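Encoded as structure tokens, the following chain is the form predicted alone, with no partner shown.
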């Protein structure tokens, strides 16, 4: 009985091995086209482009010519993780982004003639249209922070993803807080000039980046702010100004930029004007108290431009200008 069981077990193993070999052979037949191109599952655009249209050896085909930096630097990036099917190298390597480019790598141009370009070229004289380049990126990067890209300011101005992003590097400069502003300032020169003012957010010091406040891929708020309102964006860091307060200063609740220029100012605390001139933009009648219904003592205190003749300002007395929780703080004294 023991011998029969042993023979039966070996017989079953042989059948199993035979089935495995048969499956492997069938897979090889189904995944190799007549022209020797190896098929690969997944990847955007394969409904229109057969899997067998891609280079059989993937990136090795491209790197027969493109074998130097910065092209080869992509091998050290997350995009080159072959074990992850979500990455370009987990699908068709270079052609996942550059499209089927058989005409490019199989061409044998005569001396002096130019080799045909890949299907999608991201930069240079022969760069593809912005829509074609962005379509390749958005095939994978559509969700999350990019969900409002369609109709955003950058998309409406025909900005390509690779105008800001650098792919063939281990760390994209626009994703590093210290180097991100250099990318943004390429177009936003006015904001760059403001960051060089005396009072500024620590952008050039590398402590704050543009993306801390803005979502360059679009948002539901104004000026691509990450929050729906300006004040909500500011409250992300300045939570002590949020309130609710027992006594609230209306311009503060409406919009912080009524008084502050967040990119920089020549006045202290990012103020758009020097106090008291900033206050007089709204409280113009405070100079003579006309129409404000103040007591005679208040009129005397504010009359004669006493706060315009020296360094004294409204904030010397109205120190809680962002709001007060004191029962006697209606004038923001405390």
Ligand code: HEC
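Numbering follows the first chain given and starts at 1. If you're wondering where the values come from, they're calculated on a predicted model, not measured in any experiment.
One more form of this protein exists, namely the form predicted in complex with the ligand; it is left out here, but the text below deals with it.
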Residue 280 within 4.5 Å of the ligand in the predicted bound form, heavy atoms:
yes
Spell out, yes or no, whether the shortest heavy atom distance between residue 223 and the ligand in the predicted bound form is within 4.5 Å.
yes
Can any non-hydrogen atom of residue 246 be found within 4.5 angstroms of the ligand in the predicted bound form?
no
Residue 82: touches the ligand in the predicted bound form, heavy atom cutoff 4.5 angstroms:
no
Interface residues of 64 to 87 toward the ligand, as seen in the predicted bound form [heavy atoms, 4.5 Å]
64, 65, 66, 71, 74, 78, 79, 86, 87
